[in-house]
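Heads up, what comes next is one protein chain in two forms, each shown on its own as structure tokens, labelled structure 1 and structure 2.
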Structure 1
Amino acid sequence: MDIIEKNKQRMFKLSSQSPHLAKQVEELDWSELESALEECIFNKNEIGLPKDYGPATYFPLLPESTEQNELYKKAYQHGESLIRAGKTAAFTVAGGQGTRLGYDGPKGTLPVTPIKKKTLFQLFAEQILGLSEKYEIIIPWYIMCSPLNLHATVTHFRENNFYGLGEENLRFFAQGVMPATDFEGNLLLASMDSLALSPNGHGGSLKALIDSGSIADMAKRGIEHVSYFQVDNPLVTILNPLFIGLHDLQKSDMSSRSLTKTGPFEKLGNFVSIGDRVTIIEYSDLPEEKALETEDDGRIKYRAGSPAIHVLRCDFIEQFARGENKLPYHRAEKKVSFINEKGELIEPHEPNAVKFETFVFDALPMAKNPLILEADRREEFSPVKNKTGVDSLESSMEDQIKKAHRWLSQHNLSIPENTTIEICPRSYPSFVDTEKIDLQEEDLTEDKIYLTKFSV
């Protein structure tokens, strides 16, 4: 008897006494589970690094030739025309909880700014409002939550009147889940009336966009490009005209931003090329000798790291709906509490289970004309992942303040370095193409300035 049939018989027998378990078993995609078992348990040793690969090429942050300078100007204008024509949408992956930060709630509801203590969701909403006002267009926003924080997230937005964006322009939906199994592929029970379920990885965002009807909604709105970003990065530029313009001009299915790594072992996925295809090798999987390779000028070869910022064509995502493309599953060995055959709850001290995850960057090798554009780390990336230290709430606030100081300095508006500055994203200066700015200040004290508006 194969493992799928064995699991079916066992689960159908157990679920006869539990309506909740029966519903889970009925809704379980058995063919998807079979694929996951095949890839992660029965053929796990067949999946490894590609045989021949090298560092991926990318467009530099600043143009390096007259020809490239002209391309960037053209791309910027083209990107603006796409935004203005209503061809773009924002998509946030927001399934995380604030547990690691000592915060009880969805991570998107975490206050992260230095003066006003605005939440991550508010920062993104205000940036979308600013873009909508500048380009005189409605920019819809799609937010993927986890099954556990979907209700809390929607409640948060409702309590804040959807931050002025209009409920009809936001769409919330839950990420998919996959059941955990033991190392032989047997399904685990979290309780007598529930399977042990876990999110299916950020690659599940593509399936969730399809299953939730979001891609169909985009089609009705005339959306052609989706801007993908994760909820924990308050510095992200949601719609970058240059990035979107290059992406569309190159007819790329999926484009990515890159960061120049701070060192060979920084914990960012590495962009690599395999022939004319691009993929990402996780920092933990790149061999040490590869990570240490350098160019003639001393720079490391594998220096393009991924901050998980992408733009995808809607028709590329639709290929997954039609079954033309399918993301592979990855094996994650974890400690999972489970109910044994005697009905006892077992709390393992060592990894005892396999969780099945897909990664969104695994779509890159399937994408035509993949494009990578370098980003300025100081301007675009300061995630809130840890309670203290690197990539923490404290370090992110510091980076937000430094970014505000840099912009003021660029416009000859120097303010003492020890001044805490916060700028409202609705009028954020990255959207301003002028040298003369008159800033209106609110909440001005001796050492704090909150800037809310600009005029030219």
Structure 2
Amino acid sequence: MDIIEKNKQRMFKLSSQSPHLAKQVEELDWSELESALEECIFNKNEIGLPKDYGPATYFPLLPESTEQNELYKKAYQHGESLIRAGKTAAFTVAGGQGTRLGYDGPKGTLPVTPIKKKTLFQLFAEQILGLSEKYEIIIPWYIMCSPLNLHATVTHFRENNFYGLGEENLRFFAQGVMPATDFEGNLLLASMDSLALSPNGHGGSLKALIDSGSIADMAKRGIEHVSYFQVDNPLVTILNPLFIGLHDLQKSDMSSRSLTKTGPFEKLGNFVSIGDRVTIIEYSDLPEEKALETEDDGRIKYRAGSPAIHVLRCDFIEQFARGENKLPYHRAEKKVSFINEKGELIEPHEPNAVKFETFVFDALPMAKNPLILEADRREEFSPVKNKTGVDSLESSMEDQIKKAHRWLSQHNLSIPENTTIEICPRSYPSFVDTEKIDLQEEDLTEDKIYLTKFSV
């Protein structure tokens, strides 16, 4: 392709002045760039909607028949036996740039809990500790960062003594990057010394799991299933026995949780079925007439939205190493500062560049026997994406408190409504199974309760 040749010539010329740029240019995967340009610039990323699709079917949150009730019970036990046997691992994607939040540091180091101000990473670590204690097994945790935040992330964990999980049970690695180009496909320079590079999207996690040796490490440990979740959702249940059990019993390559959308146009990816396969159509791509279709009972047909919680089989991920499967690139038009022909730094006010990203949910249509299990949004999803308003730190904290109130009232403990409650995630796994709880309260003041442990 001419544009690749043109880019090569320009970059080799410019890099004669800078060893750093020369190294970047040498390491650049030109054939990958060619695919990205082909898909996103010259074909304008017409990934296109599948032809014959319908709303995806999913397992409801609560069983709706005696048969389903039996299946859920069996699946729950099966899921627990997989966790107990050490066949499951936790996997967090934490390589995003968090531009909407604008927090200075890896997003996982953001304090998010209402009383103790625990960071996202601490919340997940303590939940994993609780699971390890309950199932008496080590649950390894894989954390994907980007080259931009890997060092800061590892430093954070080291400073916190790996939150008691043991350094050997954690694995940090960086995802790949892609260069940004202008709308004609010309590479952009962030400085005279460097290409404008950015993380290649959460879809990069599949290849990064392989390239980093994480999948090989999982094989050594006997791990068969990976629980995938995003770094910015404090409510996530890291290992849900019912979900994992259904996923394995149905021999699914990749399974997903779904949420019932609040309305036809909620900004969540939509699960759809194409024959026996599942895919996600982004909210902006679902045609309006489809979004508005309803069932006889008045519910919208395309109501299953994605909170980005998945379980993947390790041997399915391996297919991305062997090139049997490849994720398509998506085009994201962004403002990217760049050096112009005269060597001046230009800071654009309008999107001027294309970033190339892959999305993990594009693996779904490649997965055999995909399965979706509905989740209760209030229990599972309240991400920290924005500075204020919807999906902000404030809204997520409120949702954490409401969840804690619900849990306590389910255990017949009445706490005044305006009390701020925080429950230590280390005790979550036991909460689920326990009928009656006698609380031991720590740090109890008039309007705040922090619950660390309890006895039955």
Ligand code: UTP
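Only a predicted model underlies this, so the values are computations on that prediction, with no experimental measurement involved. Here, a residue number simply tells you its place in the sequence of structure 1, counted from 1. Think of the rigid core as the biggest set of C-alphas that the two forms share within 1.5 Å after superposition.
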- Message: Quick check: structure 1 or structure 2 for the form predicted in complex with uridine 5'-triphosphate?
- Response: 2
- After the core is matched up, is the C-alpha of Leu206 off by 2 Å or more between structure 1 and structure 2? no
- Message: Please state whether Gly102 has a C-alpha shift of 2 Å or more between structure 1 and structure 2, with the rigid core used for the fit.
- Response: yes
- Query: Does Val226 move its CA by 2 angstroms or more between structure 1 and structure 2 when the core is aligned?
  - Reply: no
- What is the Cα shift of His349 between structure 1 and structure 2 once the core is superposed, in angstrom? 4.2
